[in-house]
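Presented below, as structure tokens, is a lone chain in the form predicted on its own.
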Amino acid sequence: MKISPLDGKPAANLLFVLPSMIVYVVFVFGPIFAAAGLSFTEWNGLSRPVFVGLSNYTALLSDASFLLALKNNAILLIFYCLVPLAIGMVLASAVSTVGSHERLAIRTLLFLPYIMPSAVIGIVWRWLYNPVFGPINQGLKQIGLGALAIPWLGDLTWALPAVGFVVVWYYFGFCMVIFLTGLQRLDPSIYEASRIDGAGPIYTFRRITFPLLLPEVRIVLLLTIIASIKSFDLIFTMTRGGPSNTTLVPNIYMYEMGFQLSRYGYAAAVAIFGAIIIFAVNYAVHKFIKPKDGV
């Protein structure tokens, strides 16, 4: 029998994975460790970095702009996670009952926004929201609702919800596809038994569908929460954090500190703070959302 080279000693097999490990460490862990080290310094990109200890982190906790960015990000979590999750689950329940051809067409149509670059989507929606010639305001005026034709992305009250609406449009198709996949793995006999026992649609969803979809709920929450904390290009192309910082998020603030004000150490501290939040949220989701079978 021919012996595979991988049947040798484990130490010898390390030679096969060593090149990819080196590339991964250099291009993934290298920048992370560099950013972590830079966050303890004050550096303008030209002079030598000056070690300042935890000063950047303590300054962040009293920085009004950074705290406002965190608050905006917390509000955007509703649009990134909860609303798309609810819409996606309802749509998945409805679409799963139609024929396979119709299901494929609907799934493809609603998933289309997610495969488009978010920066392109931001530019398109900025045009749609244009207060002068944007189709949304023009449509409102045509149907006699001209009073509602406001500068959506320039209004201090409506700028953040307007961005949030685009986020919901971008993510609900993705959530629906995840839940559709989950519904297809469920045993139809469970629903047949519940119908025989006289269970209504709401009771069936609350006691059967939702608990069995908890693995998919956990995946959707993890991915959308991480996307929310990492949000940058969509919001940057739509509002650049304005007006008056009403749509400012930590990553745009990091960009301003690093690439506009040349405060690279402070910007690195913002990035590391965001990474810590992502790790904390990941831990919380894994800790508190556990399917009964322990998956």
Partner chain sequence: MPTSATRATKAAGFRIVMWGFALFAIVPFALLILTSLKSQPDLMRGAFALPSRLHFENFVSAWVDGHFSTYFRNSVLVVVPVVIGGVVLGTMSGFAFAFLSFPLKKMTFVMLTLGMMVPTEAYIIPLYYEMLHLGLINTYAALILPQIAMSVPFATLFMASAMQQLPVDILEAARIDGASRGRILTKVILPLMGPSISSLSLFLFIWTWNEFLIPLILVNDDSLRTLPLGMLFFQGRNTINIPVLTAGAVVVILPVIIAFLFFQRKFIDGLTAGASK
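The term rigid core refers to the most C-alpha atoms you can superpose between the two forms while keeping them within 1.5 Å. Everything numeric in this text was worked out from a predicted model, so none of it was measured. Numbering follows the first chain given and starts at 1.
This protein has a second form, the form predicted in complex with its partner chain, left out of what is shown; the following refers to that one.
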TL;DR on 169-177, 204-212, 149-157, 67-75: the one with heavy atoms within 4.5 Å of its partner chain in the model of the complex is 169-177
Contact of residue 161 with its partner chain in the model of the complex (heavy atom, 4.5 Å): no
- prompt: Contact between residue 255 and its partner chain in the model of the complex at 4.5 Å, heavy atoms?
  reply: yes
- Message: Given that its partner chain is not shown alongside this chain, does residue 117 nevertheless sit within 4.5 Å of it in the model of the complex, heavy atom to heavy atom?
- Response: yes
_Residue-level question: is residue 31 within 4.5 Å of its partner chain in the model of the complex, judged on heavy atoms?_
yes
The one residue among 190, 145, 109, 82 placing a heavy atom within 4.5 Å of its partner chain in the model of the complex is 109
Those residues of 45-70 with a non-hydrogen atom no more than 4.5 Å from its partner chain in the model of the complex are 45
**Prompt:** Core-aligned, is the CA shift for residue 28 between the shown form and the other one 2 angstroms or more?
**Reply:** yes
